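Taking the form predicted alone, here's one chain by itself in structure tokens.
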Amino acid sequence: MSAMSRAIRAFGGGGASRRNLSVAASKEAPALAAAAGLVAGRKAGRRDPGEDGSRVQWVFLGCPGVGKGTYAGRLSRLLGVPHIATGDLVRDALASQDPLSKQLAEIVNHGKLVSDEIIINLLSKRLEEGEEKGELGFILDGFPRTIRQAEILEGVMDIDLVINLKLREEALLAKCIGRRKCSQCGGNFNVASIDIEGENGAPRMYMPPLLPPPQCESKLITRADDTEEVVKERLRVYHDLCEPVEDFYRARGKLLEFNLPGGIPESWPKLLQALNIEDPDNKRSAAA
């Protein structure tokens, strides 16, 4: 087991206190930095990304359905660092024959948050696999979701930047309910056409549907947790438990808040501008 995995799992124990986290982090930090190919003790804050994968250690925050996976995935490909989504880790575990899958199904289908212990175990396993492959840097999506998780992460690695995506709640609800996946090719689509009047002088928000090609139309499936009742519960849980994480990173000067102005073609170039990143193929990637 890697030093990083050992530290995360140790910190994830039920009896870990703030003082224990601090002591353990001071002992493990050098080993973690070496194991992950990172440089310990870097100055926090935005840096010019892309020159070296190890220079990108980012986190994406935002409500369920806001588009964390979409934008984190695009940045992952652009910057050449892995996109690690805890939602994907959970779905992979759900699809497995692991005894954990039944427990996870009960939690997810009722719109509840998966426990810290389960998430940390899944993440530590993924980090260990990445370390063996020689991965440098990362973009985390879906972790941390709680103050406790943020403290764990702060204790074992130096996060450079936390990108907090924001979108009006009525658009979020429509997006989540409209999500579809092709059962054959695995492609992700959205049948929702969102057209919302602006508030207080803000421009109108239009987000066109992302429709599947003809060969996928008859094979679309809806996630079990993408119902109005479950989505509303997920949003309520997020506001109760995850907004303090925003405050945690805001107080450390690491939070970049980005209000999505619309769909991908409109939002992607503005996000790149906010991050001071140039995309040599911007026109094609924005329209994809």
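In case it trips you up, residue 1 is the first one in the sequence shown, and so on. Please read all numbers here as calculations on a predicted model, not as lab measurements.
Just so it is clear, the following notes concern the form predicted together with a small molecule, a form of the same protein that is not shown.
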query: Heavy atom of residue 71 within 4.5 Å of the small molecule in the model of the complex; finding: no
query: Contact of residue 142 with the small molecule in the model of the complex (heavy atom, 4.5 Å); finding: yes
query: Any non-hydrogen atom of residue 79 within 4.5 angstroms of the small molecule in the model of the complex; finding: no
query: Any non-hydrogen atom of residue 86 within 4.5 angstroms of the small molecule in the model of the complex; finding: yes
query: Option touching the small molecule, based on a heavy atom within 4.5 Å in the model of the complex, out of 190, 124, 149, 164; finding: 149
query: The single option of 114, 172, 157, 207 touching the small molecule in the model of the complex, heavy atom within 4.5 Å; finding: 114
query: Contact stretch among 212-220, 198-206, 89-97, 131-139 - heavy atom within 4.5 Å of the small molecule in the model of the complex; finding: 89-97
